[in-house]
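So this first bit is one chain, no partners, the form predicted on its own, shown in structure tokens.
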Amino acid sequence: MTLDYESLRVIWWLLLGVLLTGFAVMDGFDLGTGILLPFVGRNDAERRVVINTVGPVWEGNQVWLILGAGAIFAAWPLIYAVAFSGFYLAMFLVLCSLILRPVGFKYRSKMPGKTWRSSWDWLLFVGGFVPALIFGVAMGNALEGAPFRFDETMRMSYDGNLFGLLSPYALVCGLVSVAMLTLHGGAYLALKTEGIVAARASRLGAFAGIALIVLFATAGAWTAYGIEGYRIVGTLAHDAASNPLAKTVSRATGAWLDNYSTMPLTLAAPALGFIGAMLGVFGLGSAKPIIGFIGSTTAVVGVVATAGVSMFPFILPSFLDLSSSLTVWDASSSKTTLVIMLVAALIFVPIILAYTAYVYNVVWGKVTTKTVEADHMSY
């Protein structure tokens, strides 16, 4: 059966969501571990334990970020053009902070000095905190809309700056992301370590989970009643060639709630966010780390999915020129491109999943001071 253009667009919207969620889940606990590193490890031995929980896997986890960026470039070129141009400085900060991680992992233990190692530990904290914050801020800006427009020749212009991205609403979304990934990192450390390190990770992770519940509820109420959402006015062809200017868009407070009233099943997304966070807090508070990790993973999926289903069919709206807003129906590549990419995804994504499962099976088990000292390749 041949897929039509409309179906392919929806499939690639779903696949983009899967890739971004995969990044948030897989690399999320890496970032959360970095955020918690200076606080759950009080001495060099404890911090080496923390670092070695993610040392063998963090590089592979970032494959999801590369896949997500590649999917945006190939499947949603207009999204790529706006986001990677308009948010250039923010992405530059993310890349600089992410670069601190491999450097920190490689150089931290090259010298024995306390100041040397402590400095790298705090840089690893920055490498976890800054991306977590900026990714959330970026989602907040997507919900509020970005200051861009297309002219009649489809040339894009962006009228914004780095500080303009830091609105109060976007910062709250950033804090949601930080709390979410800190919970996830705490759950992962509680699962992979033991003793005092696991106890501290459980305590701080549970606190982050409580903060996530409060912040997620705050962001939800603010999204519903404090900012204007976007609606397509009239009928938009779902199978026409991509042309963002061929539609009319309006803004209204509460517009981001439309999908929840017309498609009640979408309420499952925020429900998963809250239930997952509560399950994570329960698991960490009751010394059941596997339940805590399942809960934190569920919370990540629910929070990311909530943003996606709230905005559908919008992907990146524009408050500067409403008709320039980018949606599932007018921002994609051609049908042929989407078909070729879908075939490639069906071949290679299962391979990535199988290899990832194999790697985690190999490195499964607790990381302790003894295992770190016994492994000459440890960090």
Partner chain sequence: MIDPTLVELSRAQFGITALYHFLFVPLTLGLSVLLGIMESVYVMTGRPIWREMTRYWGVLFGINFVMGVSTGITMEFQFGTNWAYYSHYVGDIFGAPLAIEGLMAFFLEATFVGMFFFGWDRMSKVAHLCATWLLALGTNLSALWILIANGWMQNPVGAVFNAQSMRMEVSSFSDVLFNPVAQSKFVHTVSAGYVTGSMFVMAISAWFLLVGRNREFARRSMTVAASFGLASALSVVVLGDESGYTASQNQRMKIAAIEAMWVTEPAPAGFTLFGFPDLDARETHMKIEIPWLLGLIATRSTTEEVPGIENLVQENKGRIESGMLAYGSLLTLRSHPNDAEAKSLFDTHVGDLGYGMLLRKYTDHVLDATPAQIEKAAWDTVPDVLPLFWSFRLMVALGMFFIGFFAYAFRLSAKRQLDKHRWFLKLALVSLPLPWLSSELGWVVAEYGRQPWTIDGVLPTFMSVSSVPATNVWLSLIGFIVFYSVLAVVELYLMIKYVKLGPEGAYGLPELGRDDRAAALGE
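Just so you know, these numbers come straight off a predicted model, no measurement behind them. Residue numbers count along the first chain shown, from 1.
We do not show the form predicted in complex with its partner chain, though everything after this point is about it.
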Among 266, 298, 218, 242, which has at least one heavy atom within 4.5 Å of its partner chain in the predicted bound form?
-> 242
For the three residues 64, 88 and 337, verify that every one has a non-hydrogen atom within 4.5 Å of its partner chain in the predicted bound form; reply yes or no.
-> yes
In the predicted bound form, does residue 74 have a heavy atom within 4.5 Å of its partner chain?
-> yes
Hey, in the predicted bound form, is residue 78 touching its partner chain, heavy atoms inside 4.5 Å?
-> yes
May I ask you to check whether residue 113 falls inside a 4.5 Å heavy atom distance of its partner chain in the predicted bound form?
-> yes
For residue 120, is any heavy atom within 4.5 Å of its partner chain in the predicted bound form, or not?
-> yes
Look at the stretches 176-184, 154-162, 197-205, 230-238 and give the one with heavy atoms within 4.5 Å of its partner chain in the predicted bound form.
-> 154-162
Neighbours of its partner chain in the predicted bound form among 27-55 [non-hydrogen atom within 4.5 angstroms] | 44, 48, 52, 55
